[in-house]
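Okay, here we've got a single chain as structure tokens, the form predicted alone, with questions on binding and movement later.
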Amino acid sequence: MAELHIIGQIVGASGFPRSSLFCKWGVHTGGAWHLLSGLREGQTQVDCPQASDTAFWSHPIDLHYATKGLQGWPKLHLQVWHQDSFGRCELFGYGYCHVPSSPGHHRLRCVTWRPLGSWQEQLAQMFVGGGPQLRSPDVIYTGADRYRLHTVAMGTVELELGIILRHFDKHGVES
């Protein structure tokens, strides 16, 4: 079986309207992919920067997959959340990016977005907080119904990933 190692970190996020951010992340793969070691999902700590608008997490990612085919190449999906001074959490953005398919060191910038909602929901969000969320987070990376959503752009999450491919050449894939 061909193997894929993903070793890196979620560096941080910038461009969001408020600080005190954390990130929930996960990896989605097709049916031919098997996780040999590592965690399929996780969450960073809350970073509350004092001097800049950039949240630094340096959250490690270390995954080892085996596969029999290329279909369903891994995708990282992200949710960026804001935690206020009362400990309440508010969704600030969804995003996803494909794991690079070439070996080596990669710096990725994952843009995020959030659902806009109706004008009533937007008004309530200004006064009460919260806001619309996706019923099914699968929409983040499948794209099936994403075209129907009304969204607004949010900030950017930066990732550093090291990719190691093993035995792909034995299965007819040149790297």
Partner chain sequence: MATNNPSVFLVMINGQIEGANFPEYDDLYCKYCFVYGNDWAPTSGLEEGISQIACRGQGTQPALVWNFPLEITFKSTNPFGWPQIAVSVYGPDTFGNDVVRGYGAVHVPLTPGKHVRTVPMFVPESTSRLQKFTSWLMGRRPEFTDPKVVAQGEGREVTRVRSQGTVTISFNIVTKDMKKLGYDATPSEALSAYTHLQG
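Numbering follows the first chain given and starts at 1. The shown structure was predicted, so the numbers you read here are calculated from the model rather than taken from an experiment.
The discussion below concerns the form predicted in complex with the partner chain, not included here.
- Just one of 137, 38, 115, 26 comes within 4.5 Å of the partner chain in the model of the complex, counting any heavy atom, and that one is 38.
- Though the partner is left out of this view, residue 48 does reach within 4.5 Å of the partner chain in the model of the complex, counting heavy atoms only.
- Using a 4.5 Å cutoff between non-hydrogen atoms, residue 154 does not count as a contact of the partner chain in the model of the complex.
- Taking the partner from the other structure, the partner chain in the model of the complex has no heavy atom within 4.5 Å of any heavy atom of residue 74.
- In the model of the complex, no heavy atom of residue 2 sits within 4.5 Å of the partner chain.
- Residues of 5-26 placing a heavy atom within 4.5 Å of the partner chain in the model of the complex, in sequence order: 5, 7, 8, 9.
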